[in-house]
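We begin with a single chain expressed as structure tokens, specifically the form predicted alone.
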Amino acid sequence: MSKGPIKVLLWGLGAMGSGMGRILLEKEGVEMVAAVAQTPAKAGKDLGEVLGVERKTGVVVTNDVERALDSKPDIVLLNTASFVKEVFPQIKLVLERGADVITIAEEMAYPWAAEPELSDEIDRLAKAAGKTVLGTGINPGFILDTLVIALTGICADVRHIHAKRVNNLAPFGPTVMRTQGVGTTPEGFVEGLKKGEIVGHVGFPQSIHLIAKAVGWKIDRIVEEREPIITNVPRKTQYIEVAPGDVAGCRHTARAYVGDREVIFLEHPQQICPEAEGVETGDYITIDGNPPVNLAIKPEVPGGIGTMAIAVNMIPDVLAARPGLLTMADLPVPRGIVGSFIEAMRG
């Protein structure tokens, strides 16, 4: 890494990427040196204008990734897609250009669950380049996996884990709305599931395998179920409006088994504006162990700012980590960084 501030390239300037940019502008020891937008309309503008802040940054947003990488960033925050297959060529390019990668692509939290061969290839490429790749986020990445793993650390034995996240999707952008079926009719939701266009929560297999690997379970099968959450009242966010009778979100569950014994049960009923119908958000973790653990966080840890913050806060640990494709379980306990990012480097 070069001397001076940590150089960051933002790739993807939607809701999450723009939020990361605003956080980074307030941090010490870190500098945004380039920004890549997916949409042509944002190109040519000062990054400050795209982020919606009053100050100019001197960074001109571009659609040209190769040109942006000429800025020689130490690390790239990748906020472009949810799936390993989609981000693989982007990660490959960044590694070839000599930078570390943090991505909020949900499948990248434990990519071997979805794409073992591509994951091994990313690991090989990262090691060859002497760089590190990490997938993280609020969920997967923290609430239903990393936090669960940390809580098992006080248990002499673990028999079963039940974790539930009741959240508000309102801060998220159009990509998340589509994968949840928000705004569709109930019939359209069913059809979207069949076509693979509506997937519900992306990340249950990743969270399950991350937990299981950490505690020592070998998962034999995972059973997932998805059903629409129908709204009875109008709901509106910055990105979408939903009429009564249409879909405001998705209740998605996953059960993991060792043999015939259920060892992990994850629930994620997520929707826009749940308060419109009196639904209280929250994060809940129950561990049947010795001792038992019951954690409740009410209301939920906000998904938008949580995702932005953990991606930004992991920068020093990723830069200090061993080369390869890593998970949150491979790195030190995440923490908020209120001082200089350079001084926060560990390892």
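We number the residues from 1 along the sequence you see. The model shown is predicted, which means the values in this text are computed figures rather than measured ones.
Keep in mind that the form predicted together with a further copy of the same chain is missing from the display, and what follows is about it.
Q: May I ask whether Lys218, Leu295 and Val301 all come within 4.5 angstroms of a further copy of the same chain in the model of the complex, judged by heavy atoms?
A: Every residue of the candidate spot has a heavy atom within 4.5 Å of a further copy of the same chain in the model of the complex.
Q: Pick from Val158, Ala81, Leu125, Leu118: which has a non-hydrogen atom within 4.5 Å of a further copy of the same chain in the model of the complex?
A: Among Val158, Ala81, Leu125, Leu118, a heavy atom within 4.5 Å of a further copy of the same chain in the model of the complex occurs only for Val158.
Q: Find the only residue in Val242, Leu77, Ile138, Val94 having a heavy atom within 4.5 Å of a further copy of the same chain in the model of the complex.
A: After the contact test, the surviving option is Ile138.
Q: Would you mind picking out the stretch of 270-278, 83-91, 178-186, 150-158 that comes within 4.5 angstroms of a further copy of the same chain in the model of the complex, counting non-hydrogen atoms?
A: Careful reading of the contacts points to 150-158.
Q: State yes or no: in the model of the complex, is some non-hydrogen atom of Lys27 no more than 4.5 angstroms from a non-hydrogen atom of a further copy of the same chain?
A: Because a heavy atom of Lys27 falls inside 4.5 Å of a further copy of the same chain in the model of the complex, the answer is yes.
Q: My question is simply whether Gly48 lines the interface with a further copy of the same chain in the model of the complex - judged by any non-hydrogen atom within 4.5 Å.
A: No, Gly48 is distant from the partner.
Q: Any chance Thr39 has a heavy atom within 4.5 Å of a further copy of the same chain in the model of the complex?
A: Flag for Thr39 set to no.
Q: Using a 4.5 angstroms cut-off on non-hydrogen atoms, would Asn290 count as touching a further copy of the same chain in the model of the complex?
A: Looking in the model of the complex, residue contacts with a further copy of the same chain include Asn290, since a heavy atom lies within 4.5 Å.
Q: Going through 320-338 from first to last, which residues have a non-hydrogen atom within 4.5 Å of a further copy of the same chain in the model of the complex?
A: The stretch 320-338, when checked against a further copy of the same chain in the model of the complex, contributes Arg322, Met328, Ala329, Asp330, Leu331, Pro332, Val333, Pro334, Arg335, Gly336, Ile337, Val338 at the 4.5 Å heavy-atom cut-off.
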